[in-house]
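In the block that follows, a single chain appears as structure tokens, in the form predicted on its own.
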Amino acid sequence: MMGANSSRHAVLWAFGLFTLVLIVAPLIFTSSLAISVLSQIGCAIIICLSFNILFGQGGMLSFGHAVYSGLGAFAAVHAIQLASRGGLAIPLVLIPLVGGLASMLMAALLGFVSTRKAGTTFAMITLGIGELVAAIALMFPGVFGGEGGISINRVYGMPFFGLTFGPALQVYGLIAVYCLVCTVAMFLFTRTPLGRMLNAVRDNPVRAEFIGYDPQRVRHLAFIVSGFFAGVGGALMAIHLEIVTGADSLGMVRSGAYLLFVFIGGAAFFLGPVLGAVLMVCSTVLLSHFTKAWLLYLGLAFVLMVIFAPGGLMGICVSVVHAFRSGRVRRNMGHCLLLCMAAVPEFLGAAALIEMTYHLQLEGDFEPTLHFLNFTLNVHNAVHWTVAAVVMLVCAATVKYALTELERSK
């Protein structure tokens, strides 16, 4: 009983903190870029959590999740255009539900085919459907806008309680409310009998079928629920950006991004996709401005996560908390400090080598120097290459030694 109460309190604290962050974030980060990034993070959180209903909760590796967020976005822009012309009496605050319902219908149709098989077959079917829908979108420019996409004006009709949703801050408020409501709803879904059975079907579909549940039906219902929330997130993204293109919102790259960042965040934990969504937006919007090698960093992070931390960032956080509670950190304080002190320069040494390699390939013939943090590196100077390599290798050996000692102390 005490364990259940403790778990309930932890959930309430987590959602309270999440609500506080949604409220306080725009008060701290007030620039237009920051509000835009926060809005995109809110949309991404909904979509990544909806993806994790399939991937983390149901064990369904989908390569076509962008289909449902993208179709929700297109349903939203068409609904806004229709409402702007007076053909549909619906306020902007309800447009995300239109996107969600449209995606839910498509998920009910396509999911019936996709969920008939599990495992690799399911993954291949979703990959095929994703590419099929993306190709069809280019064949119907009247519906999907072709390569240029569809632009909208989100300000239409009468103000909603004084809100026109023209200012970016008002749109952020709309996204934040939907983000909080959808997050709570998806968490409650995991506590329903359907959510529990989805876990059972993921872990042992034969046993689930033996006790009377149809695994295909359970997967199909979860697919429909996931499609609804993906559509809501896609519609909110369309409202924020005021443009939707088929190549960006329906393509394989977008689906791959959801998979990659949900895994990095931690698919085994409910809040893991939240971390993944934050990383996804920060990486694509901010990191790409700092380095041309940002895709390489993402690829390396994904590979390292798969090999060394399959639980993702949330799994690492949980392990650290357990280590503090069990006293392991206190007993091995020296090795923990050594690990932290060596890991940072190891990353910086590797990053310096990557940046110099990129610069040498792209601009080395015209400009031999580049600025890396507070250093000026010359790609034609062997000393700079040697120092970066030595720092990386020495610190890597130190990290391995510290990890080995920590493993022995278990």
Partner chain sequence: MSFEFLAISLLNGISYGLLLFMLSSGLTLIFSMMGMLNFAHASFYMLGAYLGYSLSDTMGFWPALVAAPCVVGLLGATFERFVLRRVHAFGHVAELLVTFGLSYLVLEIVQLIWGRSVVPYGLPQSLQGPLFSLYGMQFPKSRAFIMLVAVLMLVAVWLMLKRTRMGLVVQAALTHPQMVEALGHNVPRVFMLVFGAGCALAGLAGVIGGNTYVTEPGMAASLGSIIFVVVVVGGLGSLAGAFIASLLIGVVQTFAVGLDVSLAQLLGITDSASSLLQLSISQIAPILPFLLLVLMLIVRPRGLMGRRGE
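As the structure is a computational prediction, the values presented were derived from the model and not from experiment. Numbering follows the first chain given and starts at 1.
As for the form predicted in complex with the partner chain, it is not shown, yet the points below apply to it.
Novice: Check each of Ala83, Met104, Ile125, Leu275 and return the one that places a heavy atom within 4.5 angstroms of the partner chain in the predicted bound form.
Specialist: The option sitting close enough to the partner is Ile125.
Novice: Which residue among Val181, Leu337, Val303, Leu286 has a heavy atom within 4.5 angstroms of the partner chain in the predicted bound form?
Specialist: The option sitting close enough to the partner is Val303.
Novice: Using a 4.5 Å heavy atom cut-off, state whether Pro310 contacts the partner chain in the predicted bound form.
Specialist: Heavy-atom contact with the partner chain at 4.5 Å: present for Pro310.
Novice: Taking the partner chain as it sits in the predicted bound form, is Leu295 in contact with it (heavy atom to heavy atom, 4.5 Å or less)?
Specialist: Yes - in the predicted bound form, heavy atoms of Leu295 and the partner chain come within 4.5 Å of each other.
Novice: Can you check whether Thr120 is within 4.5 Å of the partner chain in the predicted bound form, heavy atom basis?
Specialist: Close contact exists here: in the predicted bound form, Thr120 approaches the partner chain to within 4.5 Å, heavy atoms only.
Novice: Taking 4.5 angstroms as the cut-off for heavy atoms, does Pro193 touch the partner chain in the predicted bound form?
Specialist: Pro193: no contact with the partner chain in the predicted bound form.
Novice: Where does the partner chain sit in the predicted bound form: which of 203 to 211, 245 to 253, 160 to 168, 319 to 327, heavy atoms within 4.5 Å?
Specialist: Every other range fails; the passing one is 245 to 253.
Novice: Check, residue by residue, if Val113, Ile136 and Leu259 all come within 4.5 Å of the partner chain in the predicted bound form, counting heavy atoms only.
Specialist: Judged in the predicted bound form, Val113, Ile136 and Leu259 all sit within 4.5 Å of the partner chain.
Novice: Going by heavy atoms, what in 57 to 81 lies within 4.5 angstroms of the partner chain in the predicted bound form?
Specialist: Heavy-atom contacts to the partner chain in the predicted bound form: Leu61, Phe63.
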